[in-house]
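Just the one chain here, the form predicted on its own, laid out as structure tokens.
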């Protein structure tokens, strides 16, 4: 099902760096596991972010990033010229000049409205780009929490800012509303390649099974708009069948104590982390 939502959101909701969510949006986030808000950043603000995004996605920082610069649709070690779904993790870690940018500040303001049980902060960020005409540049259905260590508080708000228009043709976000309310996290297994058994040492990608009767909805958004989803909702995105890039800037917010708990386990969301997943995963 194609769903275009929330025509009432837009620049008029902003007062400086504050963006006002409605009570209905906050309730939908907690009940359905996601919201869509339109035209959050201005074109002028996006043009400040664009050069940094292109800098990282071009591989300009690849030598120092290790596995933090990779293809999220293929195994680690895939040559850069063969990338389909380009991933650059933790950009402001590698280039501190990006820290505290306008997207950071506005998304923090929105996250504070969604999370009223304590204090939250940015846990990680990443640049994601689907190359043109790459049908395999897809994210398998998954739950974000399946990727992360066990923590006492799992609350997360993951923001996906569209730096290009996102639609069905170029692989917009799709999800199953309400799956955030399931009692148990679904089983996640490493993606297999070349008819072999995959592992998290081979690739970051995990996959889950979905049920035939589950209704998937698609969430196209315009440049400058964003989706926000929680850590338990089942979601993914298709490949890019268009002639242009699809570009997305992701930031995830978590409780500050959860972030400290992760870091104590040696988990920073870097693909270079050395983590014993058999001991700490859900």
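Everything quoted here is computed from the prediction, not taken from an experiment. Residue numbers count along the first chain shown, from 1.
What follows is about the form predicted together with a small molecule, which we do not show.
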*State the residue from 158, 180, 151, 164 whose non-hydrogen atoms include one within 4.5 Å of the small molecule in the predicted complex.*
158
*Counting only non-hydrogen atoms, choose the one of 41-49, 247-255, 215-223, 61-69 that falls within 4.5 Å of the small molecule in the predicted complex.*
247-255
*Contact between residue 98 and the small molecule in the predicted complex at 4.5 Å, heavy atoms?*
no
_in the predicted complex, residue 139 touching the small molecule (heavy atom, 4.5 Å)_ = yes
_Residue contact check: residue 90 to the small molecule in the predicted complex, 4.5 Å heavy atom_ = no
*Contact between residue 144 and the small molecule in the predicted complex at 4.5 Å, heavy atoms?*
yes
